[in-house]
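The form predicted alone is given below as one chain in structure tokens.
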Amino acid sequence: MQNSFFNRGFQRKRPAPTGHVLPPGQYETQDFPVLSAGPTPRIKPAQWSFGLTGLVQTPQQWNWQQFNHLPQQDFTVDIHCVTQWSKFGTVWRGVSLDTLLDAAQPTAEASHLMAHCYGGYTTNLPLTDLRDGKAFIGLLYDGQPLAPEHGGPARLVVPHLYFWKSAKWIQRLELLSEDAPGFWERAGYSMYGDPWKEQRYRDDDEDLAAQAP
């Protein structure tokens, strides 16, 4: 499916001026472009809450104050948008998904999750892509509270996948026993979204599966 606002990537992996390496089809930007599927929700911290539900032994729910008392870490990561821009060395502070999953204790059946957001956005992820330091809930960006346009007051950040998987305005993670499509996935985008394999659209997933031995 190719009904989006950019052409399928055609550039091969190449060094960026900063010394980082760009995934195929990407270009480096110093900006932080704002792209959203609809109006920007503006959630006051006093109104914000976040939970882990579904296939967990101990469902969790935190308000803003409680969440900010969880252990926090600093993260410096490269991010890659499906619209072909990449931004290197972004600096965040937030709570690792390892901390949150340890509290909720996913059941043995849990293999995937659906991220639910204020405003109704959803996206799917394998559970393994949130473990072992791979993902976090970002609260600060570049030392400042996360702006609403970038998903504030808190967003999911999964830097090794295309950035539509890093759901803005995060509200809840629902643990599931199987994969299910979210907002963009139902519109024909990749179920996984690996920038190094150019998994932008659903047919990219199928092409890679056909090439597998």
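Just so it is clear, the structure is predicted and the values come from calculations on it, not from any experiment. For every residue, the number given is its place in the sequence shown, counted from 1.
Keep in mind that the form predicted in complex with a small molecule is missing from the display, and what follows is about it.
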| property | result |
| --- | --- |
| Heavy atom of each of 125, 192 and 200 within 4.5 Å of the small molecule in the model of the complex | no |
| In the model of the complex, residue 75 touching the small molecule (heavy atom, 4.5 Å) | no |
| Contact flag, residue 62 vs the small molecule in the model of the complex, heavy atom cut 4.5 Å | no |
| Contact test in the model of the complex: residue 36 vs the small molecule, heavy atoms, 4.5 Å | yes |
| Close approach of residue 169 to the small molecule in the model of the complex, 4.5 Å, heavy atom | yes |
| Stretch in contact, per heavy atom within 4.5 angstroms of the small molecule in the model of the complex, of 143 to 151, 64 to 72, 45 to 53, 172 to 180 | 143 to 151 |
| Selected contact from 100, 137, 117, 130, since only one has a non-hydrogen atom within 4.5 angstroms of the small molecule in the model of the complex | 117 |
